[in-house]
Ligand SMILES: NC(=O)c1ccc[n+]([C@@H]2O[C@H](COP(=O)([O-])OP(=O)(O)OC[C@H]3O[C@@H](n4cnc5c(N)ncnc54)[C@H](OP(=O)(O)O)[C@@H]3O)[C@@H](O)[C@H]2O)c1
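Given as structure tokens, the chain that follows is alone and in the form predicted on its own.
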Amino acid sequence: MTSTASVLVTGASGFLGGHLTQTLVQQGLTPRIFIRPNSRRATLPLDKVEVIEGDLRDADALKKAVSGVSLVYHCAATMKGSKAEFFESNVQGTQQLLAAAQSAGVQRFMHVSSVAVYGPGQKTIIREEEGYDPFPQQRGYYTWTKIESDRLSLQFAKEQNFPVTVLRPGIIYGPGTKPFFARLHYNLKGKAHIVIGQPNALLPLVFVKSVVAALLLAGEKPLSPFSVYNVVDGAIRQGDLLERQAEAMQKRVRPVYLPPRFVGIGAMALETVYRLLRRGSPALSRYRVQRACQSLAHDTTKARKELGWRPEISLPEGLQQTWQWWTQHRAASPTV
């Protein structure tokens, strides 16, 4: 059978990739999706997409996936596993996908990155030209490999003169995933929410459909070969977010804020134990606590001017939609 797909979505079984796939189908397209053989497919419109099974580490599967398509939306990323698995999939896999896309004559490659790639710096408003975090190994394997895949995507574009657009979304929320409360957050059986940080710290939230809109706009526009865009609906203070969450949930949210410096003492003890046992770095390091608790806003002027992008929905409405989905989904699947 001859393929009619002109668009490839990697990671279509994931949160962002699933929303993007649904939107492409609603627009009348028949996208090709690249998913692992054991991926969950219950929410995918399988009768309206072309499915290619494979893994980002499989070069032959990637060549098959990009054959005949003009646009690639690279949303896939490993979320758990060993250090080797993270780097093989998120970094080496992205590099293999870029090479396969170039060889296949793909016209534009859309790489989904994150605002987490930026370094701490001294500025409170982060623009696209800001540098990468100089200590990615202290942020955990996921963030570390997101930084490296972002870097190599732009490097590949410049060295190979291949059209790559990098989108750096903020913290993505919306129907399809658990409600977001804080970067470092622990729920004590619904009685209280332990938040590491300060109530006035800014959070860069973005509704999932806002990210989809940015991807679609970037895929349609004649952009320069090496384009980078921050995609954030806007910054909201941690305390205000919890108030809006309480309104969406129609119940009281009782936050208990722990100062980062106190948590840092415990993180330092963990680092000492890991160092003595030669086990690398713990998931909760002092640097991770410091970065997670920073108060930063991200400039989206470039996306607004060059793409014509705007946030899709207000924060209260987005939180309400997310909570409604979560309560319905949890009722249908109590084990979630």
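Note that residue numbering follows the sequence shown and begins at 1. A quick note: this is a predicted structure, and the numbers were derived from the prediction, not measured.
If you look for the form predicted in complex with the ligand, you will not find it shown, but the lines that follow are about it.
Just one of Asp55, Glu306, Glu50, Asp299 comes within 4.5 Å of the ligand in the predicted bound form, counting any heavy atom, and that one is Asp55.
Taking a 4.5 Å heavy atom cutoff to the ligand in the predicted bound form, the contact residue among Ile172, Val212, Met110, Val195 is Ile172. Partner contact region in the predicted bound form: 70 to 78, out of 70 to 78, 153 to 161, 253 to 261, 234 to 242, criterion any non-hydrogen atom within 4.5 Å of the ligand. Among heavy atoms of Tyr142, some come within 4.5 Å of the ligand in the predicted bound form. Contact check for Ser39: a non-hydrogen atom falls within 4.5 Å of the ligand in the predicted bound form. Although the partner is absent here, Ser13 lies within 4.5 Å of the ligand in the predicted bound form, judged by heavy atoms. Residue contact with the ligand in the predicted bound form: Ser89 places a heavy atom within 4.5 Å of it. In this stretch, 256 to 277, not one residue has a heavy atom within 4.5 Å of the ligand in the predicted bound form; the partner itself is omitted from this view.
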